[in-house]
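Shown below, as structure tokens, is a lone chain in the form predicted alone; questions about how it binds or moves come after it.
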């Protein structure tokens, strides 16, 4: 089974690396990091570099596609015609086309989420709706046909576990979860907008937008 992780400048590393650590362990998994051309990809930290192992042309019919988000790179990816054309061409033959965080906006830009229930990072939900999708604000994973979208960043791990369960069954998914000891017990409980005050949420959104503008 060929799994293609899209990589692009300004992407958020965990959006791809979290699911990668799980999906690469699936039986018969062939993992590729794909871009227009093989080579280094600078993530949104400006420090961490990932490597595109294969080009889009070398990966015409992957079984699974995963599109990550990026705090500084999503807009650029949404306007990357080579990426969008590849998504449109690859999607009909996939078993599952997926996204993590603002990667859903890239799927929407490719025209794959028109009238499709989907989720994304909380700060991007309104934009997702304006692009023709049907935002599911309180869902961590949304499955609609063969499209599966995950909420912000860490939700990609949940998405990967769901995929493993769908493909290889519950026992394999639980084994994968145990191997990486995914047993989250965060010291704080502020992981969703519904769990913080409106004032805190507004402040967080202002800070995030300021950081994105400064990085851009």
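Note that this is a predicted model, so its numbers are computed, not measured. Positions refer to the first chain, counted from 1.
Beyond what is shown, the protein has a form predicted together with a further copy of the same chain; the following relates to that form.
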4.5 Å heavy atom contact, residue 138 to a further copy of the same chain in the predicted complex:
yes
Is residue 189 close enough to touch a further copy of the same chain in the predicted complex, meaning at least one heavy atom pair within 4.5 Å?
yes
Residue-level question: is residue 37 within 4.5 Å of a further copy of the same chain in the predicted complex, judged on heavy atoms?
no
Applying a 4.5 Å heavy atom distance criterion, does residue 45 contact a further copy of the same chain in the predicted complex?
yes
Heavy atom within 4.5 Å of a further copy of the same chain in the predicted complex - qualifying residues of 1-23
12, 13, 14, 17, 18, 20, 21
